[in-house]
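Before any questions on how it binds or moves, here is one chain, the form predicted alone, in structure tokens.
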Amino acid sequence: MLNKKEKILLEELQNNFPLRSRPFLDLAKRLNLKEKDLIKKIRVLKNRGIIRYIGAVFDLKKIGLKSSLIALSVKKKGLNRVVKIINSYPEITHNYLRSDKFNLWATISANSNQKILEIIRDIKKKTKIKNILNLKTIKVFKIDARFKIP
């Protein structure tokens, strides 16, 4: 599924991403590539579904933010509309579908628990979904997920 160069690229992206003004240029030099070729390779891996997201992971508690996981029960025909509403909030970091009664889950990160409650109230109002589970983060179990590339 992956060739040797792709595996090396994924390892570098995951473990040695440069924190510089032009990280892809620095990474390309390390891999003996041109920056545009590296970006092209990353796009190919993204289009293949191998890379879903490239971004930083922060310990929210250490930077003064609160977080919560919310769960909604959304009918299939209204799902796209609800997802658009949820994604309109910058405090929503991501959402995902589950095969459960509560089939849409999302994470909220905000500067206070009060702000999280305001967002949930607003989502309820806009989506007309009355029962939204608010699963406030009590303990973080996994903040640094790294995967061994086979």
Partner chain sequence: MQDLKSLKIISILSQSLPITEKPFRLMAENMGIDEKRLLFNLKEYKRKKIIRRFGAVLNHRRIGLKANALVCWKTKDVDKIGKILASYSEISHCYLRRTYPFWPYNLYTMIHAENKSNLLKIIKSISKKIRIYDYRILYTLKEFKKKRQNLGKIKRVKRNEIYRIKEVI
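Positions refer to the first chain, counted from 1. Note that the structure is predicted; figures quoted are calculated from it, not measured. Basically, rigid core = biggest C-alpha set you can superpose within 1.5 Å across the two forms.
Below: the form predicted in complex with its partner chain, not depicted.
Student: Counting only heavy atoms and a 4.5 Å cut-off, does its partner chain in the model of the complex sit next to every one of 39, 43 and 131?
Tutor: So, yes: the whole triplet contacts its partner chain.
Student: I'd like to check something about residue 123: if you look in the model of the complex, is any of its heavy atoms closer than or equal to 4.5 Å to a heavy atom of its partner chain?
Tutor: Close contact is absent here: in the model of the complex, residue 123 is far from its partner chain, nothing within 4.5 Å, heavy atoms only.
Student: Please run the contact check for residue 34 against its partner chain in the model of the complex: heavy atoms, 4.5 angstroms, yes or no?
Tutor: Looking in the model of the complex, residue contacts with its partner chain do not include residue 34, since no heavy atom lies within 4.5 Å.
Student: Find out whether any non-hydrogen atom of residue 116 is located within 4.5 angstroms of its partner chain in the model of the complex, and reply yes or no.
Tutor: Output for residue 116 is no: heavy atoms all beyond 4.5 Å of its partner chain.
Student: Answer for residue 94 alone: is it within 4.5 Å of its partner chain in the model of the complex, judged on heavy atom distances?
Tutor: So residue 94 counts as contacting its partner chain.
Student: Output the sequence-ordered list of residues from 102 to 139 with at least one heavy atom within 4.5 Å of its partner chain in the model of the complex.
Tutor: The stretch touches the partner through 102, 104, 105, 109, 111, 131, 132, 133, 134, 135, 136, 137, 138, 139.
Student: Does the distance between the two CA positions of residue 130 reach 2 Å or more between this form and the one not shown, the core being superposed?
Tutor: For residue 130, whose C-alpha is compared between this form and the one not shown after core superposition, the shift is less than 2 Å.
Student: Determine, after fitting the two forms on their core, whether residue 101 shows a C-alpha shift of 2 Å or more between this form and the one not shown.
Tutor: The answer is no; the displacement is under 2 Å.
Student: For residue 27, state whether the C-alpha moves by 2 Å or more between this form and the one not shown after rigid core superposition.
Tutor: After core superposition, the displacement of the residue 27 C-alpha between this form and the one not shown reaches the 2 Å mark, so yes.
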